[in-house]
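Provided below as structure tokens are two forms of one protein chain, presented individually as structure 1 and structure 2.
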Structure 1
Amino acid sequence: MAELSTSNVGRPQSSVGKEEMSPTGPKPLIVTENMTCGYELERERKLLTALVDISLTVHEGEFMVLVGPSGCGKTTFINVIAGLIKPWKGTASFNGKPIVGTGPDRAMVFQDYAIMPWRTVLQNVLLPFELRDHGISKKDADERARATISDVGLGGFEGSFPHELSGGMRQRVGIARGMVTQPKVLLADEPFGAVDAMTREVLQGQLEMLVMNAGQTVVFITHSIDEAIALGDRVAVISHRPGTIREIVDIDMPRPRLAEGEITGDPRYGELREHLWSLVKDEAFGAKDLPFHEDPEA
């Protein structure tokens, strides 16, 4: 399992896109400007601000990692980009257009897997093709779904139901479903959180290959600083709720970082790790409690 079979099949190669050639550098794909958003708590009749003033740009082919204490709004951010929730203030746009809903070019891997318990592994992975026309035949979709399932290490489990699988295996079903359509952007919410350490390394390696070979754009949430450094081009550290961007750290280390084995020996790795850790630690333990905002404008 060296490389995802989905990696170079009919995928637009971002590196040859004409925007890339322009003097302004890589094309911005996801742009949020002063975005503030949150939730309406119906029972408490209150508005909860989850994210404040987020201005972040993710370029085409970029691997953006978000880290931050739990509850800081990482999932909320990814939900806005997916088109599931709308910002209260500010803008969020994708490919130059404001995000008004979900789209075939943005797929998501969910933190809590969100796979249908009444569908087999294969049926779950085929769901995106059932719901949208991705321009491939039924037979091709089936083939691709099977290939993706075997890429995530679930070959032989196509006919199993989620309740027959372990937590890590269920998460891999969610990963396969997110990748099967070869979306322009993969939004991954702690995708390897429940996966065992060995499978995680394999999947991280595959994801890195996908990024290197196909220029996959990824927005990736993780709790692990090591994972952030191993995978990210940039790491955005989000403060505790209401989340703001504390700092964006460039991971200026050459790829492949995982296929070559150890990057942990590199002195730069140690520096980055220390720096990120100090930022995250501040946020995790320095959390002041500002739970509710009566008025989002306030």
Structure 2
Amino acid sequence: MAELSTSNVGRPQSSVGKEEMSPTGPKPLIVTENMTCGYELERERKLLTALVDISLTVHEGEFMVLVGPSGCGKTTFINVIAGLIKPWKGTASFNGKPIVGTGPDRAMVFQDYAIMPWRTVLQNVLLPFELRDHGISKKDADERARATISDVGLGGFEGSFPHELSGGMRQRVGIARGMVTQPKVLLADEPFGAVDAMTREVLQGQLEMLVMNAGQTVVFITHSIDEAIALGDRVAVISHRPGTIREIVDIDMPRPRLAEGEITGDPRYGELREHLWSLVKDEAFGAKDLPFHEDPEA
């Protein structure tokens, strides 16, 4: 596995539960205000409400984690940020402008790898440059792809196909593909949910170091409280469906958290875990059927 720099270990942490930072702090990058959104169910001819009245600010360089019960709207939130769906009510903006569609400044990492089996590791990582003009030459794109592959610990596997890789290695390809274009925001939808526990811990530590080294802004979905504490600057707890923000918890533990062994022995870890579990447990037990509306104004 490639060694990763720790040059940005001392980057500032976000404030407890606050949506605004000082004028000298990181600027707001993603802002949703009173956002309600969902999906149209064509067969039933109904609208499914996923999120209601969501106001959340993600600052530049922040690692924001979303946790909550299944079906609470976490994926819907990052789909809005990615530009894949539009809010029914309220607003969603990126870098000061309304989100009107997809863009090279936002990249997605999926739970199910989503890499093409007929393409090599290098070809998969180069895919974003083929789909959109990022303003760099093919030579520079190739060099950047190879460097990113090395950064995620896959140096030497550039010519390998997905069927020749383990699950963890495939997910590293997905992470490399997401980061190779150096987007402003990395959107990650339970990216480690399909790998075993040991591999998950390795990937968590590697992602933490990659993000710290790059100063990357991340919006990360997980069902794991331990993962949320290990990776997040702040954790937004989403209520049972339709989702609302119940609380935003500051993870005020120094970084790196995973590079030098377990963080579970830290008393603060135990306090944070107990508090987050009390919130998530209440929401999971309170989950109920999603409401349907005839129109988004209902």
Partner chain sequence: MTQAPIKNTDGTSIESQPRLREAKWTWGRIWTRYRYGIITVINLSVFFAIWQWFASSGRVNPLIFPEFTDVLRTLKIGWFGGGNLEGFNNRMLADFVIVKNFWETLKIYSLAMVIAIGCGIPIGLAMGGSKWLDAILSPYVWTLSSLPRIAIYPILLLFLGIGPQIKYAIILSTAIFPVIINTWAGVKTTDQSLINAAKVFGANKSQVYRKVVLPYTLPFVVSGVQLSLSRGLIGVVLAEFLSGATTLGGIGWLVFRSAAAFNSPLTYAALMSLAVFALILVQGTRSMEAKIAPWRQATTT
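This one's a predicted model, so the numbers in the text were calculated from it and none came from an experiment. Reference numbering: structure 1, starting with residue 1. Whichever C-alpha set is largest while still superposing within 1.5 Å between the two forms counts as the rigid core.
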Margin query: Which number belongs to the form predicted on its own, 1 or 2?
Written below: 2
Checklist line | Displaced residue check between structures 1 and 2: D226, CA, 2 Å or over, core reference | finding: no
Item checked: Large Cα move at F157 between structures 1 and 2, threshold 2 Å, rigid core -> yes
Next item on the list: Look at the chain as two rigid parts and give the angle between structures 1 and 2 through which the smaller one rotates, in °.
Entry: 15
Margin query: Please report, in Å, how much the Cα atom of L122 moves between structures 1 and 2 when the rigid core is superposed.
Written below: 3.7
